[in-house]
Ligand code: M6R
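Here you get one chain, nothing else, as structure tokens; it is the form predicted alone.
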Amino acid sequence: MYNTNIMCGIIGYCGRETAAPVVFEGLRRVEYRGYDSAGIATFNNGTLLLCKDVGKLGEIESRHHLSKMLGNTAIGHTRWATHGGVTQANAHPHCDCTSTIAVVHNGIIDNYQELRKQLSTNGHRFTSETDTEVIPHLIEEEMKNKRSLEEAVLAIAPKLKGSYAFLAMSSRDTDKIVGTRKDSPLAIGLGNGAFFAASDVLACSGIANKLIPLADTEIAVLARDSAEFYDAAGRKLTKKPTNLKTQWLDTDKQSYDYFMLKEIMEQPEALEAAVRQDKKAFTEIAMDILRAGQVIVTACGTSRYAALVGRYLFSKVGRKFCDVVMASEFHYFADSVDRNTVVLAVSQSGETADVIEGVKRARDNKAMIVSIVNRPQSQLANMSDHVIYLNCGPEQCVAATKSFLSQLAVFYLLSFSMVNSFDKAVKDIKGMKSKVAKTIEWNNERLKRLSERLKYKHDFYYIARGINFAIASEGALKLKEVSYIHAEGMPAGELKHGTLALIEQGTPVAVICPNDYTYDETMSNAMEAKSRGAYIIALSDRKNQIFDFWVKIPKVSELLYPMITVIPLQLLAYHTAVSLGKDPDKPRNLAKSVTVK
């Protein structure tokens, strides 16, 4: 039996309209959270209707017409599994023995095997390999004792160990959805005469105008005309809604084939939006960083590479050393965190499980938490002493692009705020808008042609020095994510410590070598690779005869080169994926917001 770790999108709807089209549209908006299977459950004339299958949402719709299901109450799910088979049986929603209770779930029930064994002993029959399936069976047990759906959910929630956000509905009350959460996101949306529950604010875009985030262990009871909230003890709560920001309503590709290209092209505007920050707040945060005994930045993936650039900026500009710790490893260092520590937690979604776990440990040890996030109403933001928003709007491609550039801008602002130069930093970044646009204009078509030439190469290597090193790693990550080609980023000086043995005739080596203090040493390393047969792709504002392919970039200040050099690497990854027939928006085995550990 497999433990099925699920990172997914869930949505529920109660209202007077037909529910399935609304839920289907919500799932479409959050499909980037998981796309190996999907399903919807509704009630029609008191009967539970359930349809689910493997594949992308559009494929399932063409086979089963999910959006045509009848009924005014529905829950839906789009799944991404890290363990367990991608099968129709494992797809959500899941039901109880009587097929009268349906559940969709995001998270991991750590003690599901124990619960499953107990339920099986009591005669319950299981049809999937998932941990989720224990939830409807537990609810079934409670409702046998004449408990309402919300009473049953209140009773079983303490029995679940691990993380969860789930929605449940029962044929006993077909106009009701009950939801709860612990360590996984869930928010309630309010629209015109309708109520929604969703794991992602994007699911509610266009159909809700206000949001009420649930806190851990709280219960939401949605009906056609009301939404009620309770704490874990069953005491009624009063919760105030917040407005859904209009920038989160844009989830259209416009004229682009893929969100990834659209979001790359939006980066000049993203930079301008990133500097719309409060000077006083940035100065206060910068002073807290300077006064701290130690500063730790915790992040995963692309956000961690932004943090590595930030570490360099803090040191170079603010003369403040900080450490960058992978979020999945951070909680192992929690013993060294205390009230004299400032933790900067970086997460596009604000829901990354590894980041949140480390932040919880740091908070327990009285550290100050500063979060750098993009999504509104996120768990991470709610846990923080200070929140810095990226302001770049929804990013739907799994591979981060514009959010990375916005993170770089925020670190630049923070570092210059340490020396009371916030206004200078704002001016510098605004000046980068035209430079980023020029970089795209100069290189987009040329990199498209290069991708055709190199798309069948099995290995790519990316090298750089100093502040540019993190961009080499980020460029390699982008290529891996969307094209499935092996790529490795490293400090250029490390090339000869092992990796040079892997260079063969024609091996692509991307060299980030702007005409700055790193140029001469990086060129020496590029020459080492070329003499072994490497095909040199150079990102520079200075041409050199050893380049096999020159990616021309504008001349900028040395601290701003990362904002320029990352752009062509994003375009190279995108065009390589497309030329190979891959979907860059939905790379295999990956999902956007990793809410499981």
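Since the structure is predicted, the reported quantities are computational estimates derived from the model, not experimental observations. All residue numbers are counted from 1 along the displayed sequence.
The same protein also has a form predicted in complex with the named molecule, omitted here; what follows describes it.
Taking the partner from elsewhere, His94 is found to have every heavy atom lying beyond 4.5 Å of the named molecule in the model of the complex. Within 4.5 Å of some heavy atom of the named molecule in the model of the complex lies at least one heavy atom of Gly301. The named molecule is not drawn, but in the model of the complex it has a heavy atom within 4.5 Å of Thr352. A residue is said to contact a partner when one of its heavy atoms sits within 4.5 Å of a partner heavy atom; Gln348 meets this definition for the named molecule in the model of the complex. Here the chain stands alone, but in the model of the complex its contact with the named molecule, taken as any heavy atom within 4.5 Å, falls in 340-348 among 439-447, 358-366, 340-348, 220-228. Ala399 is the sole member of Leu414, Ala399, Ile135, Ala464 with a non-hydrogen atom within 4.5 Å of the named molecule in the model of the complex.
When you look in the model of the complex, the only residue of Leu477, Ile503, Val410, Ile156 with a non-hydrogen atom within 4.5 Å of the named molecule is Leu477.
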